[in-house]
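Presented below, as structure tokens, is a lone chain in the form predicted alone.
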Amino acid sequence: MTGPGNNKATDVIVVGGGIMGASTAFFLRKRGHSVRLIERGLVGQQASGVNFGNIRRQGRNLVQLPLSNRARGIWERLPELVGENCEYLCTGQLRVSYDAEGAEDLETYARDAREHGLDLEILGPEALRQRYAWLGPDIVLGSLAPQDGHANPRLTGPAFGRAALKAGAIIEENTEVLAVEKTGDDFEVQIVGGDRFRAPAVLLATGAWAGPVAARFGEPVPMVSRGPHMGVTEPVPYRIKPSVGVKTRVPGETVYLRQVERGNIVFGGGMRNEVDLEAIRVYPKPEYTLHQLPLLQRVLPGIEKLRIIRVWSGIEGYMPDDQPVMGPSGKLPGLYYAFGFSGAGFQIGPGVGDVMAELIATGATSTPIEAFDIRRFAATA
């Protein structure tokens, strides 16, 4: 990608071209602000492009639901906004449990989520069998979010990047940032090769790599980096419409799956891989796939007959409270953050972009994000 001209100064510089950064650039242009997005690799190449693809509101921390609800409205309008639907399917998200504890958690969450605009349908064993005959016999309760679904992460980040470019953003791919500094009223961003760009506002949206930069601005965070373990089977006739996840209190028992219209079943859950941030590498472990297989078979007994054709991982940043860092810096006016989405950023990604564009453009946002303020870690730094 490139841009309309290469002026050194813009209103906003977005560092990081995942779904958060690309959608922020797009919505900033829709608000009339000039924006330069700088991405070390390709837009949507890292965690935004290799995640599971869940478009789920169900199961989120309740404080995230206003943001998640805002994002849902954007997913429904993808063709209108970016010219592509990114294989988005509103086919529901089903969470299931094996025991009374998991069932209690599902019912409690359904009751609490209703106050935040998320209506869930609780399904007992008989209703589950009638509607989803392919489920395993150990499942005792299900919670269906009929307006959730899934999409193709490989398509979504690049689609927002192309839409931002078309709207007039400058997109710098394969461009590594060496330094971000405050110089007077502006920020100066230096890239490999010596060029320097200026803007009064900078958004840091570099995912698992954002921590050291925030620390250099005096705002360290206790983020850790891991790689979710995922795989995909050979295609079979399409019949599993909702994405499915397990609600359990047993560590390591969580697993999730979805079937795409081409027939392949995508799955993940269980263990997380070690990552190398400097080398930008993560190596999926075969034993993690072996750990997942019995978990998948418990949900979907027929899956043991299928060949696994590929496994992969990505690099994600996880916060100790599972809440992202999102909003303004507590130290420097004009500096903003959007990172640390703890493996659950894909669905809310377009909402994050819309909210951050609103915040940068107006100084406030109609969606509450105070719980995600980086200053919550100041006392423990």
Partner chain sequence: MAEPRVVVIGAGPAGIRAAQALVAAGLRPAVVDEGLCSGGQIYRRQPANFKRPYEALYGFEAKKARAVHTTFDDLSNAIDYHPETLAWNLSGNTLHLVRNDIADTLDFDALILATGATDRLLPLRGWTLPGCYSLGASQIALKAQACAIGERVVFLGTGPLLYLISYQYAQAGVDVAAVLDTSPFSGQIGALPVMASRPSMLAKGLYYRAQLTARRIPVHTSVIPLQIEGETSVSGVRFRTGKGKEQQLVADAVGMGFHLRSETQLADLAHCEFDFDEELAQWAPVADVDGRSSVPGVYLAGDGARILGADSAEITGELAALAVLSDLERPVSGQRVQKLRQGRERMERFRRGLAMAFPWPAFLARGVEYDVLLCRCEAISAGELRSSASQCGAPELNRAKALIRVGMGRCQGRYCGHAAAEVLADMRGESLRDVGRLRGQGPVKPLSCNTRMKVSK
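Quick caveat: nothing in here was measured; it's all calculated off a predicted structure. Numbering follows the first chain given and starts at 1.
We do not show the form predicted together with its partner chain, though everything after this point is about it.
- Proximity to its partner chain in the predicted complex, taken as heavy atoms within 4.5 Å, picks out 301-309 from the listed stretches 119-127, 191-199, 301-309, 243-251.
- Contact with its partner chain in the predicted complex, defined as a heavy atom within 4.5 Å, is made by none of Arg77, Gly327 and Leu359.
- For the options Pro235, Pro146, Gly168, Pro220, the one in contact with its partner chain in the predicted complex, meaning a heavy atom within 4.5 Å, is Pro235.
- Site annotation in the predicted complex: the residue of Gly317, Gly44, Gly349, Gly53 reaching within 4.5 Å of its partner chain with a heavy atom is Gly44.
- Its partner chain in the predicted complex is approached by Pro286, whose closest heavy atom lies within 4.5 angstroms of it.
- Interface residue remark: Leu155 is counted as part of the site for its partner chain in the predicted complex, having a heavy atom within 4.5 Å.
- Looking at Glu176, you'd find every heavy atom of it more than 4.5 angstroms from its partner chain in the predicted complex.
- Its partner chain in the predicted complex is not approached by Asn85, whose heavy atoms all lie more than 4.5 angstroms from it.
- Contact residues in stretch 252-284 (any heavy atom within 4.5 Å of its partner chain, taken in the predicted complex) are Arg262, Asn264, Arg281, Tyr283.
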